[in-house]
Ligand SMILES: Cc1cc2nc3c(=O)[nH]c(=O)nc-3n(C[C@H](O)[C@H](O)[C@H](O)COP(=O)(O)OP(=O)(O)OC[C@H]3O[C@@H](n4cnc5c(N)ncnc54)[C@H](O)[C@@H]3O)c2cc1C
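Only one chain is given next, in structure tokens, and it is the form predicted on its own.
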């Protein structure tokens, strides 16, 4: 394999493999470096649940290559596509459920079809720079030893800004005021659950839940998949009592569970490890030990105390703890929390943000309560400026994913899968255009970048007519689901223009 490329993408997670596809499709000779033997990053390696919405309300704001990826998973029989949440609090407006093995295969198919060269089982061990500090390539360590790959432009899609930090790019770690970072979570699945009976129990005992939502499919999907979907967070009294007695080892005060594409399999986003620096091997080791202890304790507690889990068993865990936050690169612009909350627009927009600011409690067990975590709804969708992808001082480098230039609060919105996929589409496109035209990423003409993104179907600006059609379609889908009895209607929040469901 040649060691010279136009674009090298480091990291095969949702922002990385989308970036690689974008660069390859534009004709750039592209290398995609991934530490595991498969693509997907946190969604597949950390066993995440469904993809966060691509939507602000009912308006789809993430399209282009990310949507093409979702379509491919549906075609392969491994996804529901985007499905509407009747109560978006805690989940977002839509969720896209997927089979993790199909996710891996769909991503790899599309990467190969784009002419990208993948390199698996390879860890970043160094960044190459020239006399001016411009990034010229990366060094990796793998079973073959060490190898250096040269590039005209490198895309840092490591999630932790490892390439950028190695190159000396300015950055901050965690929250600006004190360096605190969102906690890590070991996700897991329980199988052999009577999910229909679990849903019926939730319907009849809403007083035990902080929030819950039913899911309305928006398109046909494989009959082999689960047909009914829901999300719940609760059992606070049971959890509190078990923690106080010492029976349950858990750093949360409630249990968050979701259905999956597999009948009888329930997914849990219910462990929490605080004070984890995801750039420290020692911290990650401690977190893995602590998180797996919580998984084993909670899975035992579920079988013993939670209705409909009597015959369940622990079926899967992430192969690593999920990390929500580490480094934030200082770029030509730092996206602020106010930009996100107020739905601000920018001339150099390359993607749109949509998700509420979702910050898990950095210190305690409590969820979205005063003094705990934060769930802040947005006034409107917002723009992500291209300047946030360009390091302030380092050339030859484009940042992708959750480590772009933004504050702790702003990152709490775009860190989800849909958000980083949209950023990845822009990062890969920018890297290819810069490499093929012989300019530095910071000197790239933004209008050319925006035109290339729109040519691939990305949504840079709102189309009011399309947005109105999407809202109408969603209302009709909810009404039809109610008529068919596929949902109870207990959790509907403004979907039919009615009163909001209570946030219990």
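This is a predicted model, so every value here is computed, not measured. Residue numbers count along the first chain shown, from 1.
If you look for the form predicted in complex with the ligand, you will not find it shown, but the lines that follow are about it.
None of 300-308, 377-385, 245-253, 117-125 except one has non-hydrogen atoms within 4.5 angstroms of the ligand in the model of the complex; the exception is 117-125. Using a 4.5 angstroms heavy atom cutoff to the ligand in the model of the complex, none of 66, 422 and 428 count as contacting. Checked against the ligand in the model of the complex, the residues 259, 86, 233, 158 give one hit for a heavy atom within 4.5 Å, which is 158. Listed residues 323, 181, 111, 151 were compared with the ligand in the model of the complex; 323 is the one with a heavy atom within 4.5 Å. Proximity of residue 162 to the ligand in the model of the complex: non-hydrogen atoms within 4.5 Å are present. In the model of the complex, the ligand sits beyond 4.5 Å of every heavy atom of residue 61.
Under a 4.5 angstroms non-hydrogen atom cutoff, the ligand in the model of the complex has residue 416 among its neighbouring residues. Shown alone here, residue 402 lies within 4.5 Å of the ligand in the model of the complex, counting heavy atoms only. Of all the residues from 377-394, none has a non-hydrogen atom no more than 4.5 Å from the ligand in the model of the complex.
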